[in-house]
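Here you get one chain, nothing else, as structure tokens; it is the form predicted on its own.
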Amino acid sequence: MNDMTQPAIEQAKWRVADIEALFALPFSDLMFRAQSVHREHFDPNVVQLSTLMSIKTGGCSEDCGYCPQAARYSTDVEAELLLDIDTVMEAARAAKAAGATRFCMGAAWRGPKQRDLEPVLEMVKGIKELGLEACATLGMLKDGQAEQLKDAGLDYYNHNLDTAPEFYGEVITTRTYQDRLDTLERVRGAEINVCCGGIVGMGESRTQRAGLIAQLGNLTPQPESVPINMLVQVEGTPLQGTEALDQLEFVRTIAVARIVLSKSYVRLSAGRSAMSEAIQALCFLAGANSIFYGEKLLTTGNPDVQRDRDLLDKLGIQPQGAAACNICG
């Protein structure tokens, strides 16, 4: 190894300033660049469908300012115990029948105890037997837990960075940014695909949005799946009343994410209920090629299946693995 190696590695890193420059491009130029990158790596007329189910709701000890599942906030979300495997499997079968290819399970834990993890492992095995990809988001993982999930057949583990390091403390204080990175490292060490993104519209600046994308872009390797969420404001949470992010700025965020994370699936996630068909169409044009599909995202609303199918039909977009859909034609 010579002295030229290290500078070359550093030059390959995404700088926040470079990402801010992408954000600042004229809208048509940014969209053209994002669509060009998208077409290099994906079929522009195919979208991957995932269904997300809350398998354990509420009662979380964390203080994430956006989350109605935090026990310390007074919201309409009632704490529920972990669902039984039969209930989860019924939902997974329905998701497959509706055309989803990935079934994601979310549990409101700071991190699972071993007694919590064991029934989830059985759920993962059952989902795999249905021929679906399995994804889980269970909070922070301890040593050895990612390996157990891998052995059960888990395909993806979701653990978002949420925002830039510089803004993180404004939103969450009960776990550190490094805690999140440590869990991602455990997931990678177990050779599970990483699903990792963030939330925009929490009051962050454009520079801080660029900082989030820089963090994601500089993960090695980059996440296979990147959910980009628009904040859904919930009464009783600290972020209720935050000034809403301009929707065209959200489209810009999708486009910049596509350019930086060129080979990742970029998922249009929370917040779609408040987006017009035109804005969603622009997000697909900007390079979004995955959506959460179904009526609910953990505890917040989501466009229903038929509405999504109608929009995709209007745009000439086919679901990935469309032949698997038994009810939509």
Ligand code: SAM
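The first residue of the shown sequence is 1; numbering continues from there. Not measured: the values here are computed from a predicted model.
Unshown form predicted in complex with the named molecule; subsequent notes refer to it.
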Self-check item: The unique member of 229, 247, 215, 101 whose heavy atoms fall within 4.5 Å of the named molecule in the model of the complex
Solution: 229
Quiz item: Since exactly one of 154, 199, 257, 120 fits, which has a heavy atom within 4.5 Å of the named molecule in the model of the complex?
Solution: 199
Exercise. Could you tell me which stretch in 143-151, 215-223, 159-167, 90-98 has residues with non-hydrogen atoms within 4.5 Å of the named molecule in the model of the complex?
Key: 159-167
Practice problem: Using a 4.5 Å heavy atom cut-off, state whether residue 265 contacts the named molecule in the model of the complex. | Solution: no
Exercise. Although the named molecule is absent from this view, report whether residue 66 comes within 4.5 Å of it in the model of the complex, heavy atoms only.
Key: yes
Quiz item: Can you check whether residue 208 is within 4.5 Å of the named molecule in the model of the complex, heavy atom basis?
Solution: no
Practice problem: Examine residue 186 and determine whether its closest non-hydrogen atom to the named molecule in the model of the complex is within 4.5 angstroms. | Solution: no
Quiz item: Using a 4.5 Å cut-off on heavy atoms, what residues in 98-122 are near the named molecule in the model of the complex?
Solution: 107, 108, 109
